[in-house]
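Take a look at this single chain, the form predicted alone, given in structure tokens.
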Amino acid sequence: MDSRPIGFFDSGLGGLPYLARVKERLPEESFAYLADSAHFPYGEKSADEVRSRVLAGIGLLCAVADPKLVVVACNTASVVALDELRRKFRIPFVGVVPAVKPAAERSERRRIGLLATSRTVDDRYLEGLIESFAADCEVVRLAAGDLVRFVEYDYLPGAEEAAEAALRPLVRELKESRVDAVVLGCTHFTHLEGAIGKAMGASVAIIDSRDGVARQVGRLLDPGPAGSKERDSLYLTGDAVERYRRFAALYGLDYRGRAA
């Protein structure tokens, strides 16, 4: 039995819906979440900067929580740094990549919208996913850095009018492109899944990677009891902010403040 927690790492609040999905699937497990809030956002940094921050952040998460597995719950971090993490650390990692394949499987018009950070949109890895799984589709790629910042700094569950206003220019462009599937290529956008779905309409599929990540975590863990359930925790790398305390409570995590 291994009572160590499952770790989650993101530049901010984006990975929390992914943690919630894994927690639903594995309720007996303990969880530790680290938000690299001091260095948010990742999506506008160079690949080398992102890689450096992710390696340092995972090192800090390992120091404070000793996780048995880490979910890199950030598309940008996964695309840029996952291979290096697997070389450096002797624990399993599960990354999050844009759900291009399931979007292509769902799209009847062969027109897919993809919302992501600038770093993900421009990365060769995304191009490879499209070539492998959606070569016959038109993929409308929108770099939505303002929306990432909105979720991190301004969004609260229930603030639907503010979410609709933040989404309006992106929704307009997606509708004009006549897409019938939208990939949430940044984990922050999963907080807005309902608002995006409502704005796009019932005929458009809204797709992310949460179910696939939860399945992969279950596959990688040793079978059998997890050990004694510990309190689930949320740590930051930056200064304490009341928003993080509130989100920790919403997701059933003890707010631990700055990791040291």
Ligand code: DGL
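In this text, all values refer to a predicted model and were calculated from it rather than measured experimentally. Counting begins at 1, following the sequence as shown.
The form predicted together with D-glutamic acid exists for this protein as well; it is not shown, and the discussion that follows is about that form.
Taking a 4.5 Å heavy atom cutoff to D-glutamic acid in the predicted bound form, the contact residue among V179, V148, V80, A99 is V148.
D-glutamic acid is not drawn, but in the predicted bound form it has no heavy atom within 4.5 Å of V183. When D-glutamic acid is considered in the predicted bound form, Y42 lines it closely, a heavy atom lying within 4.5 Å. Here the chain stands by itself, but in the predicted bound form one stretch of 33-41, 63-71, 230-238, 196-204, 33-41, has heavy atoms within 4.5 Å of D-glutamic acid.
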